[in-house]
Structures are given as structure tokens and as C-alpha cells.
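In C-alpha cells, the next block holds one chain alone, the form predicted alone.
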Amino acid sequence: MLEPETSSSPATEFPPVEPTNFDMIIVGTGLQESIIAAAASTAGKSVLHLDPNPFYGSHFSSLSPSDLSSFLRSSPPYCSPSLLSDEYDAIPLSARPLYSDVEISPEELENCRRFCLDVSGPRVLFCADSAIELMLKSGVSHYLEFKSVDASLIYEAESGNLSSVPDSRAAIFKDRSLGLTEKTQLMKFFKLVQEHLEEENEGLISEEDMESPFVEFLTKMRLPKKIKSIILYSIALADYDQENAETGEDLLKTKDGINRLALYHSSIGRFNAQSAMLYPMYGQGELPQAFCRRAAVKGCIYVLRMPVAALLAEKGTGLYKGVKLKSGQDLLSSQLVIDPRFVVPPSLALSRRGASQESSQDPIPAAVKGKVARGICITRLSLKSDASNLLIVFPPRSLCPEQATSVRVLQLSGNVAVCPPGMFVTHLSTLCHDASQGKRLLTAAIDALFRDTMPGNSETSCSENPEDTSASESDNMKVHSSALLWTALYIQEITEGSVQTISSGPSPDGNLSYNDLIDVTKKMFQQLYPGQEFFPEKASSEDPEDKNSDGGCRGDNSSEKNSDGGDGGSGSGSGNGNGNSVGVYPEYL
């Protein structure tokens, strides 16, 4: 984590926290931690929400290029051995880096404070997904504004061109890249799915087909290769190559594919949006901050720039009791939720009273599930002349024969207030087994998007040969110089979460949406507080603006984002963008 600006100052510069006993202490203001804080506060729990950073959002924040570089490269916080406790055993709270292989070029960028770069992009919200429903239910939607993603495109390897995704009846009719037969086949397939989802036709697709691989069902429907690719990777958003059974990873079942198609189609046009997808004004960092604001309204206390130096355990039993701040202050709580970067040593007993000690010695967080390679580009040129904010998918094998995973790209413009007008921020990501594999795929995607002459360049390569990769990167720097102003590539570990007295959420996954994270967060809350409703319906009937929205925010030790895109804070409602924003309010339902 980033050390606060006062890291070398005396402990007296940290303000004391009052009260000193809470139902829950949360360390880190990532999206999951912020949702838990809002849910617990809404349920009447006393919550203290800390973050060693000077900004909200943690791994879901939106930062300037310089702040992003510092965050990705920051070393785990150091715990002073002098911070001991007479009453409790003080066990240092260690951390390990989630990010590695960080490459940023150039290191300096003019007017960098005018950019808001998502740490865990690319991500969007589907208009009908669980994240939107949660915002409506919790009342958080009042704090946010969104813009539609103007276009969804898919990369065609044969031509090297980007084609529009025919995701609706109107889009199919307008698509000039599809022949009449292909249009008819796609329309019939969408109609079959729609009829199957209707209650009276629930068994239209057999149970056997529903349990079979989705790609096999599409083949059974006699859909051509191009249509199958569009459905699998641009609408159902499959991560891995579905045609090559040898990979054996994440083979999408038909029932899951049908559900993803249903979500996509039910999202089109909702809230008067121009497409199925939305993006929050000022960046994804607004989402955790909106939930923090909701939590503050309900009484949660917030203190930024406040590192936790150690965990407090009861002498003799080793049971968790609280935390020791870097200021030296001891704070007690029944529950602790920590950022996925932190690791609790197995010497600390994590069980609740009455639980067996044998099952309580597991370290946190859980094992690494995988890796995701992320990239960010800042450019002067849009990838599509008639669209500002757009999503692009490179299906498996479209960049090179070795490509086993999809590469997803999200271009954002100044009208979502993440960069100055006339400039663009492009986020890329792909799942990978190691850093070299992930970076090769991102480099190949960047080359395909930003080379001077896009179609037909055969030099795009994901070669395993290091010499070939080096040569390709050298060529990329030449052809990108006219369009690219700044690039960043890095690898992020994907970790699982765990729920005990000390709980840890998962790190950001490689998904495009927030659905899985919302599901995991809801389950975590229900495990932490069995029987408590996760945001009761009455919460959304209250107007959050009727109360002091600053709630328990500690102004002298926290920060807000400036309107031109500074340190990851708020700012919904006004912006330097143009065009109409999309309000997500219950009256649209």
C-alpha cells in the first residue's frame, strides 16, 4: 500500500479515532470492502473504515498516471517494532504485492492530473446486471452518473478490421458485414433463446442441450464460425477458447451462455441508454466512493491515510481482538475485513469463540487463482471515428495461433471525464498463466489497434521466442509514436477471499462486469451477519441527500478528488465532458 504523506512524521500527527470499540473494522476502501461497510452500517452495525492511501477505491480506484505508477510499485507497509501493546499480543499486519512486471512509458506525462485511469480496467456495467440492481436497492445510484458505451466491436483476424457486434434486431439489419443468410440464422437463434426464456416455453431447449458446452449447441444450430465467435466472445463474453477442447478451461455450458445472452439483451435500451453497457463518470473509482458515502450517511466513520501497523490478539488464546494503528492507538472490534493485499500470519487464531482451534490457523488471503495482464494507453486518436466510448473484443486465436484467451479493450473519451477533450484512454486485459504470456497478448493487441496501417499487417505476433518478442516490441514503438502518448503494462494476481473473524475479499478478477464480485460480497455479508438482510428494501426509499452526506468522514485526514481528475475521489453531477449522461434511478424501471 501507499505510505501516507506523513509516514515519516511523529505519531501525534495522526488524529485519534473515537470511539475505540466497533462491531466491524474494515481496512481498505476497495469496492467489496466499501459495499460491506455500507451494508453493515445500514444494518445498524458500528463500522470504522480505514485506508492507508490518501484516496478511495484501493484496487478499484481511478488514479492519475503518476499516482497509478506509485500505487502499482508501492512496497508493503513497514511495521515499526516499537509499536507493541501491553494488554494484547501485537502481531504485525504484513502485505504482499498483487502487482508485478510493471512497465510504464514514458514515466512523465504532461497534465497528468487531468487523467483518471482505472487500476482494474477494463470494466463496464450492464444495464440489467446485479451491480445496477444493488445500486438501486441501496440508494447509491443517487450519487452516480453514467454514460453509454457507444459501440461494441469484434476484431476479425482475416481482414484485420473491427466489425460492429450485431447484438439486437436493429443492429442485425444494419450490419453490412453479414450476408442475408447469416442475418436470418442469427435472428432465428435470438428468437429461440427469447422464446425459451419465456415461462410458457421454458423447456424449448432440452435439459441435455442446456448442460452441454455452449459451443456445441451453437454448432448444432448450424451457426457459421463468424456468428459463433460473435455470440461466444462479444455477447456471452467467454474468457477461453471454446472451440479448442484441449485447453479445458472455462468451457461455457449452454445454460450459462443463454443466461449471459439474456442479461445482454435485457440491458439494451434500459434507462434510455444507447447500448447494453454503461460506464461511470470520472472512472470506476466512483463506485466504491459512492458506497462509502452511503455508509457514512448511515454512521460509518472514515479515516484515510491511516495505516494499520498490527493486529491485536488476546494473550494466551490468540483470539482476534482489534487493530493497532500506526499512530499507536488500539482499536477493538468483533469483526475485521481486510484488503486482499494483506496477509495474516497463521500464528493468529482467526476462529470465533467456541470454534475449534484446529480450523482457525489458516493464513489469509487464500491461494492465488490466476493472473490477469492489464494495459492502459493514452492516445490522441479514437479507434473509431464516429464513437467515443467503445468496447472491443479480440477472440482467442485472432491475434496469433498461441492466443488461448480473449483480449478485451475499452476505449474511453473526455465525455466521461477521465481525460481532457480530444484525448482517449484505452484499457486492455486478458487472463494469463504468466507475465510473458500476458504481455505478449496485450502487445499484439496494441499493435493491431494502433499501427499506422491496420489491415493486413502480418507482423503481429505472440511468439514464445523472446528474440521475436523483443523485435516486435521495438517495431511497435516506431508505429505507435504518432498515436500513443503513454502506455502501462502490468500483471495482477487474482486471489480468493475468505470469511472468518478476520475476513478478506478477493482481488479484482478478469471479468468485464462486476456481477461475480457482487455475488461474493453478498455471500460474505450473509456469513458475517447471518439473518441480517443485505440492504433492506426500505433503504432505497430514503433520499440520501436528506441527511448529512459527509456522515462520519474524517475531513482532516481524508481527501476528495478535484474536478479535473485528481486523486480518486467524487464528483458526480458535473464534468468536463459533453453529451447526455445516464441516470440510474428507480423511476426508469
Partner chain sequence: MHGRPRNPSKPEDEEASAAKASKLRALQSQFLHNHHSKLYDKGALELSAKLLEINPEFYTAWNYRKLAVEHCLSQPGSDPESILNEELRAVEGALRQNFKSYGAWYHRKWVLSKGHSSVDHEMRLLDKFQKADPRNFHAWNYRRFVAALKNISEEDELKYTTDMIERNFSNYSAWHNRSILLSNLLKRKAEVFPKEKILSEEYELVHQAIFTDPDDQSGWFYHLWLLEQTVTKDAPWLISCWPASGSELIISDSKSASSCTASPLSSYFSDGRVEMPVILYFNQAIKGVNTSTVTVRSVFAESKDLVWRPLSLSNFGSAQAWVAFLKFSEVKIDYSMSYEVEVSLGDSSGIVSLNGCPLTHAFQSKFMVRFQQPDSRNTDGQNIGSISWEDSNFQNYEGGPEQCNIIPPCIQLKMAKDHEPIASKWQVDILMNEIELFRELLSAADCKIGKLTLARLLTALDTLMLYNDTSNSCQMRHTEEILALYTDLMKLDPSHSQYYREEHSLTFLRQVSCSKENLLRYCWLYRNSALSDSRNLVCLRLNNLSLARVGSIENLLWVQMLDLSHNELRSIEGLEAMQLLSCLNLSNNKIKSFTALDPLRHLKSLKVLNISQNEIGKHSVDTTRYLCSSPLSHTEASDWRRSGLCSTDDAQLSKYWEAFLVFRDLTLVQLGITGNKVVNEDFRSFLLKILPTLERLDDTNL
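All values reported here derive from a predicted model rather than from experimental measurement. Numbering follows the first chain given and starts at 1.
From this point on, the text means the form predicted in complex with the partner chain, which you will not see here.
In the model of the complex, none of the heavy atoms of residue 220 sits within 4.5 Å of a heavy atom of the partner chain. Using a 4.5 angstroms threshold between heavy atoms, residue 172 counts as touching the partner chain in the model of the complex.
Residue contact with the partner chain in the model of the complex: residue 188 places a heavy atom within 4.5 Å of it.
Not displayed here, the partner chain is approached by residue 176 to within 4.5 Å at the level of heavy atoms in the model of the complex. Contact with the partner chain in the model of the complex, defined as a heavy atom within 4.5 Å, holds for exactly one of 75, 181, 105, 206, namely 181. Listed stretches are 427 to 435, 164 to 172, 334 to 342, 490 to 498; the contact stretch with the partner chain in the model of the complex is 164 to 172, by a heavy atom cutoff of 4.5 Å.
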